[in-house]
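Here's a solo chain for you in structure tokens, the form predicted alone.
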Amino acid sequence: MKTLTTLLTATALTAVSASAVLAEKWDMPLAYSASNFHSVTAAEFAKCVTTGTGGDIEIATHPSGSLFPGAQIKRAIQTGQVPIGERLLSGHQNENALFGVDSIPFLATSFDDADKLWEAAKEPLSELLAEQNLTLLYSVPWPPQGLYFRDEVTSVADMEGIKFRSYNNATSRLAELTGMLPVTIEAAEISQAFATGVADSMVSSGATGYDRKVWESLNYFYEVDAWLPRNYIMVNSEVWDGVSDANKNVITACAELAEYAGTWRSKEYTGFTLAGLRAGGMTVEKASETMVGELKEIGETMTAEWLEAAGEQGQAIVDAFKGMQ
């Protein structure tokens, strides 16, 4: 990872803008803790831009939802309350079904497939965001999503009535179809929610559980590789239009490197965080064949529902993705 960090810095140093303009400070809200690999990548991206523009644009990151809670970040960028930020777009699937493309259960269950799905969805998502005064800079996947529980679970029947942390339409629907009770909880509130019994389970990556030390409250993590959701870094389009061409080139180069570095981190973090959950005392194992089979049936239902909501554009993305396999 030191090589990637050096590369980011070197690229920035060689791309310093020659024009001296009034320096701008861009506050960048992040929903996740400073130690989370997404936040680390965003901090490096910010440093790359600050250095690469010769200080014309200084980006300051604000992790853990300290500036805006995760659910408010997208709106804050759109309306110009902040010029830039990071958001899990699947949390806005109620606005447009396309925002949930990365959270279709059991469609893309590996990093390779997630890359292909991203390739198929990038252009239509970018166009949709542009209509909302947002310019997409880069995107980084989370590790595969697994299921966390306080008590042992071997089938969907065991999930009946369990309070389940949801963060988007897909997770809420998953709760409904498994008989669990969805409770909307932001990432920054996870530890407290489990400690106080507000929730007893969630679907998330090993990274989230590790960062939030969920072994203090939960005991089981089942590897089901349900999907690989993505975080998206966006800038207000009006702000972007005011950036010089030279500085746009710097930001774009930093964004490309950040996407590469973040994806690399996500892959490396997968094994590391699962080992961390085990070290914390959690049972980490593959879900039973019964549970996997039942969850895949639920996934087929959710896929059909998503395709109906997303219409022809959604079908085109899924067809393009399947054509790459």
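Numbers for residues come from their place in the sequence shown, where the first is 1. What you see is a predicted model, and the numbers here were worked out from it, not measured in a lab.
As for the form predicted together with a small molecule, it is not shown, yet the points below apply to it.
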Contact of Tyr32 with the small molecule in the predicted complex (heavy atom, 4.5 Å): yes
4.5 angstroms heavy atom contact with the small molecule in the predicted complex for Pro229: yes
Interface membership of Asn236, the small molecule in the predicted complex, 4.5 Å heavy atom rule: no
Distance check, Thr178 to the small molecule in the predicted complex, heavy atom within 4.5 Å: no
Position in contact with the small molecule when the complex is considered in the predicted complex, options Ser204, Asn169, Asn247, Ser201, heavy atoms within 4.5 Å: Ser204
Contacting member of Met159, Leu88, Leu134, Ala120, with respect to the small molecule in the predicted complex [4.5 Å, heavy atom]: Leu88
Region of this chain that lies against the small molecule in the predicted complex, out of 140-148, 91-99, 218-226, 250-258 [heavy atom, 4.5 Å]: 140-148
